[in-house]
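One chain comes next, on its own, written as C-alpha cells: the form predicted alone.
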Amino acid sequence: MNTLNLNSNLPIFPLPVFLLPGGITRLRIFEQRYLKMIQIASKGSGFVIVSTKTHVDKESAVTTQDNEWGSWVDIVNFDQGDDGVLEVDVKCKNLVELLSIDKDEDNLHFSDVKITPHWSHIDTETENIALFHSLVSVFEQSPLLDRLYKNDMTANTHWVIARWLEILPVSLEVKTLLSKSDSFQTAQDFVHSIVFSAKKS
C-alpha cells in the first residue's frame, strides 16, 4: 500500500463521481484552476476526486467536506476532445480521508490526506464469473467504458463488485456505506441481488 505523509497537500477536484480503487473514468477539464491542477498532478502526485461540494468558511480560508473522503487518482492518459477540450483518463489507487482543506489564489482547493482501508480483509483471488460476464455485457454497451477498461478487466470478485458499485444508480450515501473496510460481504450481496433481480424481471 502506498504511504502518504500528512503534508502532501493534494489538489481537490469536486465532482459527483464515485470511484473505488481500480476504477477508471474520463474527465473533461476546461476551467483554468483545474488545468493548473492537472499540471500539478501530472508531476506524479495525482489529485483527489471528492463527490460532494466544498463548503467555504467565509471568515477564513479553511473549508470542510460533507463526507470528508475522496478518491486519490493518477492520470493514465491525456487526449483532446473534438471540441478542443482537454480529456484526462484517471485511475483510482486509494480512498483517502481529508484531514484539512485550504485554497490558493486561483481558488483551487488542496487537502492533506490519509489513506483509508477499503475491503482490506478479503480473498482478492476469488472469482465471480456470473457477475463478471454481466459487467462485461454492460461495458460492451458503453463504448467509453469499453475503451477505458479494455486492458484492466479481471474476474476477481473484489474488482467486479467495485465496478458494479460505481455504475449502479444508487445514492452516494449507500455506496459510501458499502465501501467501508468491513462491508465487502454486504456490498457483494447488494450487487448480486440488484443485478440478478433485474435479469429476472
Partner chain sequence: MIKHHPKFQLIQGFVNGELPASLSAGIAIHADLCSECRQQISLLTEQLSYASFEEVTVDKYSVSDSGKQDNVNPLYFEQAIAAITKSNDIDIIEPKIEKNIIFKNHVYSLPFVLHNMVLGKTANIGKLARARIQLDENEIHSSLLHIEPGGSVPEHTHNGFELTVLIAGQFSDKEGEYVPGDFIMLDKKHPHHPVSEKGCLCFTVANDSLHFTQGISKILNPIGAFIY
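All of these numbers come straight from a predicted model, not from anything done at the bench. Positions refer to the first chain, counted from 1.
Below: the form predicted in complex with the partner chain, not depicted.
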*asked:* Would you classify residue 75 as touching the partner chain in the predicted complex, given a 4.5 Å non-hydrogen atom cut-off?
replied: yes
_At 4.5 Å between heavy atoms, is residue 106 in contact with the partner chain in the predicted complex?_
yes
*Quick one: is residue 119 in contact with the partner chain in the predicted complex, heavy atoms, 4.5 Å cut-off?*
no
*So in the predicted complex, does any heavy atom of residue 40 sit within 4.5 Å of the partner chain?*
yes
